[in-house]
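Take a look at this one chain, the form predicted alone, written out in structure tokens.
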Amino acid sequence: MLCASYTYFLYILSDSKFRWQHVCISIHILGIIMSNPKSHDGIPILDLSQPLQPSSLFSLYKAAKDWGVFYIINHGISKDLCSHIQSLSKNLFNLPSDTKLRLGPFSSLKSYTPHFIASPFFESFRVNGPNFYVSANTSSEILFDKNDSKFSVMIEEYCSKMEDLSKRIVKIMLMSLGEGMEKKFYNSEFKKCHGYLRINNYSGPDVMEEEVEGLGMHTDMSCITILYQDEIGGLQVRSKEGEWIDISPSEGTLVLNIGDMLQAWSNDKLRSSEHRVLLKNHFNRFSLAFFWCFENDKVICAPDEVLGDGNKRMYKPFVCFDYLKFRENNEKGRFDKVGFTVRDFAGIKAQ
């Protein structure tokens, strides 16, 4: 890990007025080795063992605004827990297709996404909150003749930790938007957020003459997404200039993606990351994606405090569930095309 020091002019919100403050920022930079995409090592790391400073808040804000992604370390999620879940998850993905489809799109639970829904190379099991144990155990009972509750217990532990971590990160992101934002808006806007987990498996084609997309470019329909990825790698984020940057795996590090809901609520102050998964070899890729979302009946409308210059809203108010249905109806079988985003659904076009 490298350490660098930078000097910025910090643009912060104080007493409802913008002012400039000159600060010296010391941020951790993760050394990332790139392949074909342009090399970039400026994505910050949020170290949760360290006290928050104005400089670290600004580096996170800048990362969330420019990239929509940053790293998290010292987050309290043990490597052993992730490894055990990965090992037990192999039992799920190694089941025959007919067995897994008991939870597929035409089942009552609909907790399994088979190949050729999002991608020919992607499959996923979903675990819903708030009772993650019941959700995982219900699926396991349908899939296995002899159900072992060990998997469900581990999923419950992981998701419980992810809930706490998500709440903490949302508060930090609100703090990054300006003084007093967390105290003013967390309880009124984010208190009812809920989460779900996707257990993801990527498998490349039998013959790989070149890299293939395991999952095409998309944005997440969440406020934030916290990702654990194994050592295989393949996650890439798209810069504003349209270049693909590797988000390489690093032991003990989680990846935080800003989602569509937080982008819309923040009036584009925070950017929902455009990302994809690129498969570069024959090895299966495993990840755990925890999505922290507004409640379905939540009306998303950017507060006046985040409007900025011109006091213009970038999105018309919309109900969260309506957007989820829009994405669901427009993305099925679109794995070879760019997915729709919240801007397509609720964006206000410039006059």
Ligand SMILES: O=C(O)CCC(=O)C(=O)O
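This is a predicted model, so every value here is computed, not measured. Position 1 is the first residue in the sequence shown; the rest follow in order.
The same protein also exists as the form predicted in complex with the ligand; that form is not shown, yet it is the one meant from here on.
A.B. asks: Only one of 84-92, 237-245, 195-203, 169-177 has heavy atoms within 4.5 Å of the ligand in the model of the complex; I'd like to know which.
C.D. replies: In the other structure, the partner sits against 195-203.
A.B. asks: Which listed residue (His75, Arg126, Lys269, His218) meets the criterion of a heavy atom within 4.5 Å of the ligand in the model of the complex?
C.D. replies: Of His75, Arg126, Lys269, His218, the residue with a heavy atom within 4.5 Å of the ligand in the model of the complex is His218.
A.B. asks: Considering Ala118, Met162, Leu103, Leu227, which brings a non-hydrogen atom within 4.5 Å of the ligand in the model of the complex?
C.D. replies: None of the other options qualify; the answer is Leu227.
A.B. asks: Contact with the ligand in the model of the complex for Ala302, defined as at least one heavy atom pair within 4.5 Å: yes or no?
C.D. replies: Contact check for Ala302: no, nothing within 4.5 Å of the ligand in the model of the complex.
A.B. asks: Does Val277 reach the ligand in the model of the complex if we count a contact as any heavy atom within 4.5 Å?
C.D. replies: Yes, Val277 sits close enough to the ligand in the model of the complex that at least one of its heavy atoms falls within 4.5 Å.
A.B. asks: Given that the ligand is not shown alongside this chain, does Ala289 nevertheless sit within 4.5 Å of it in the model of the complex, heavy atom to heavy atom?
C.D. replies: Yes, contact at 4.5 Å.
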